[in-house]
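A lone chain, given as C-alpha cells: the form predicted alone.
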C-alpha cells in the first residue's frame, strides 16, 4: 500500500471510530438525563455491544495494518494525519492486549454501577455500592496488567490516560506545592477579621427563574444554543458528539442559585472549547479537547477566572436582577462579588469555593494513590475519606452521601481523572498570565466583551483540538510547561486581598 492510499484508508477508518464515539456519547447523555430506570439492563447490554464494536475498530487487524503502513512515514505526515496517527497508536497500544470480552464486560459493569451509585448516594448506602466498586477496582487493575509494557506503577498508566505524560511523581510535587500554599492561606481566611455573609445570596430563587438565568449566562459568554442544549442531571457534565452537538447539564437548588450559575459557567467552558474546534479538524477524531487537564482549564477559566472576578459582577448584576426576586433588588455588584468568593472548609467538591477546591481534589488523588499502591479494603474507604477531610479541611462528613459517595467518577471506572481538576485550575491561572501580556482582560470582562477573550483562547487552544499533546500545546503557547507558581500567586493575590490577609 502506497502512502497516499494508506492515508486515505486511515482517515476513512478513523471516521468510523469517531462515529461510534459520537453515538456512544449520545447514549450516555440519554442514560444520565431522561432514560427510564426500567431500561438499565438493556442499556448496559447496548453499551457493551457498541463498546465491543468500537474496541474492534481501535484494535483490529485493519487498524494494525494501517498503523504499520504509516509508521515508516511518520515524519512525512501532515499535522492533522500525524495527530490522528499519534492518537490512534496510543489507543491501539492501550487496548490491543486487552481481551475483547473483558473490555465489553467492563463497560457493562460500569453502566450498571453508575445507576447503583445514584441510588446508593440518594439512600446514603455505601454497602450497596461497595461490591460494584470492588469489582471496578479489580477490573481496572487487571486492565493495566494486560496493557503493561514496563514496570511503571499501575496508577501511572491511569493518570496518563487522562493527562498524557503525567505520573505520580509529577503530581506529588505539584500537590505538595499547592498544599503548602493553600493550607496556610485558608488558615488566614478563617482567622481574618474580614467576614463575608454568604447568606445574602441564599434567598429563594425559583427553578424556572434559574433556568432562564442559565440560558442567559450561557449565551452571554458565547455558548451557541443552536448547537447545544441545557438539561438537568444528578451530576453536571458536558457531552459532545460533534462540534455542532455539544450538550451540558446542571442541577438547581432553590436556596443557592449561584450553584447552578457557576455550574453553567463551568460546563460552558468545556462546551465552548468543543464548539470552537477548527474547521480543518471538525470532522476528524481530533475534534475534541486534547486532555482532561487542558479541558478543565477552560471550564475553570470561565467559571472562576471570569465568573468570580469583580469585573464580571460589575457587568452582569443589573441584568441578573431582572431574573431574581425582589429580595435581591438592593444588592450591589461588590456584594455579589464577595459572596461569589466566600471561602471556607466544606464537604462537597462541586460546591467548593475556588480556594479550597484543590484540597478536595488532593484528597481524592491520595485515596486513589492508596487504592492502586496498597492493599485497601473497599469497606475502609469511607473512614479513610473522612480522616483526610478532617486532616486537610478540619471537618468530617456526617454521612457517606456527603462523603465518599458524592462523586460519580469511581462508578464509571474513571480512576486517574480527579487530579486533572486541580491541574485545570493551575493551567487556567497560567493562561490568564499569558493572556494579560497582550489583552486588557479586566477591562474586557468589565465591559462584557467576552468574545475577545474566547477568541484568544480559541486561537491558542480550542481550534487545535487534539493535534498536539498537552505538553506541546502549553509549550507552543508560552515556551514553558506546567508551572504551579502562577496558580499559587493567583490565589494569594486574590484571597489575600479579598480577606485582607497581612494587611
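Numbering follows the first chain given and starts at 1. The shown structure was predicted, so the numbers you read here are calculated from the model rather than taken from an experiment.
Same protein, other form: the form predicted in complex with a further copy of the same chain, not shown, and the subject of what follows.
Of the heavy atoms in residue 442, none are within 4.5 Å of a further copy of the same chain in the predicted bound form. Of the heavy atoms in residue 233, none are within 4.5 Å of a further copy of the same chain in the predicted bound form.
Contact check for residue 472: no non-hydrogen atom falls within 4.5 Å of a further copy of the same chain in the predicted bound form. Under a 4.5 angstroms non-hydrogen atom cutoff, a further copy of the same chain in the predicted bound form has residue 27 among its neighbouring residues. The partner is not drawn, yet in the predicted bound form one stretch among 474-482, 43-51, 451-459, 60-68 has residues with heavy atoms inside 4.5 Å of a further copy of the same chain: 43-51.
Interface residue among 260, 241, 249, 114 relative to a further copy of the same chain in the predicted bound form, by the heavy atom within 4.5 Å criterion: 241. The contact residue chosen from 20, 486, 10, 495 relative to a further copy of the same chain in the predicted bound form is 20, the criterion being a non-hydrogen atom within 4.5 angstroms. Contacts to a further copy of the same chain in the predicted bound form (heavy atom within 4.5 Å) from stretch 135-164: none.
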